[in-house]
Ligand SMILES: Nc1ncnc2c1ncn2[C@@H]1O[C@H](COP(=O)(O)OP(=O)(O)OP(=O)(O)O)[C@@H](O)[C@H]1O
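Shown next as structure tokens: one chain only, the form predicted alone.
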């Protein structure tokens, strides 16, 4: 078995005149969570469908735990779960019946199906709602059910296409918690989303697509290092009564380029790598420090610096 969960080798997919995926190479280690981001039309959904054996590439190949999507798609479907962006419209089915249907599709024996339905409902917070009809579910619960369906055969690899689409903030927070739990269980997860803060919170690796190409890929910490400026921005917070005095002191401090107030923080810019002199100045003047941290480049900033707004 390969040490990589997913190996993408020079994948290309074209629809008529549209080059949806253009010579992508990518390797994802087992247990990693890859956040896939990009503008509409970047090719994310096409790539996810290729990984999930729902489409075949024109060129190249993808291996899932060593198996080729060209040579052994049936074996791959036993170990991979795909959650589409759209739910569909099942009629006259309860949550339990809907999950039982997909359990049958994976040839899970009845006794095992009942156990798996209970487990996935527990994990997705649908336990006790098995008799509720699908057609009356809220958007949040429909997404939970889609995820439960994706987990019914206990796949090792999860491919989630826009799972937070249409969710309110509370539902998004709960979904992030579920994804983190799945990652802690050792699942390999590939998740696409336009909601960058969500991706930033749950992913340990980022892939950025634009116009069918993978324009950036790497560990989030490494990408932040690459996009960090030569100068350092520091966010610090002091007590409200001391904010003005701290700002005045730091603005005059040698080595400090600027000190601005971005409530509730003071943002200090310096070209000196060792920031201890800033701490020392505040302590010397008996200013209580409530928070002190590097202002890391956000995923949004990395995305904007890496893309130019092109679509396929």
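Bear in mind the structure is a predicted one, so any value in this text is a computation, not a measurement. Positions refer to the first chain, counted from 1.
If you look for the form predicted in complex with this ligand, you will not find it shown, but the lines that follow are about it.
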Residue contact check: residue 162 to this ligand in the model of the complex, 4.5 Å heavy atom: yes
Residue 20: touches this ligand in the model of the complex, heavy atom cutoff 4.5 angstroms: yes
Non-hydrogen atom contact residue 46 with this ligand in the model of the complex at 4.5 angstroms: yes
Exercise: residue 42 in contact with this ligand in the model of the complex, heavy atom 4.5 Å: yes
Listed residue that, although this ligand is not shown, lies within 4.5 Å of it in the model of the complex (heavy atoms), from 194, 233, 227, 127: 194
Partner-proximal stretch of 66-74, 241-249, 254-262, 32-40 relative to this ligand in the model of the complex, 4.5 angstroms, heavy atom: 32-40
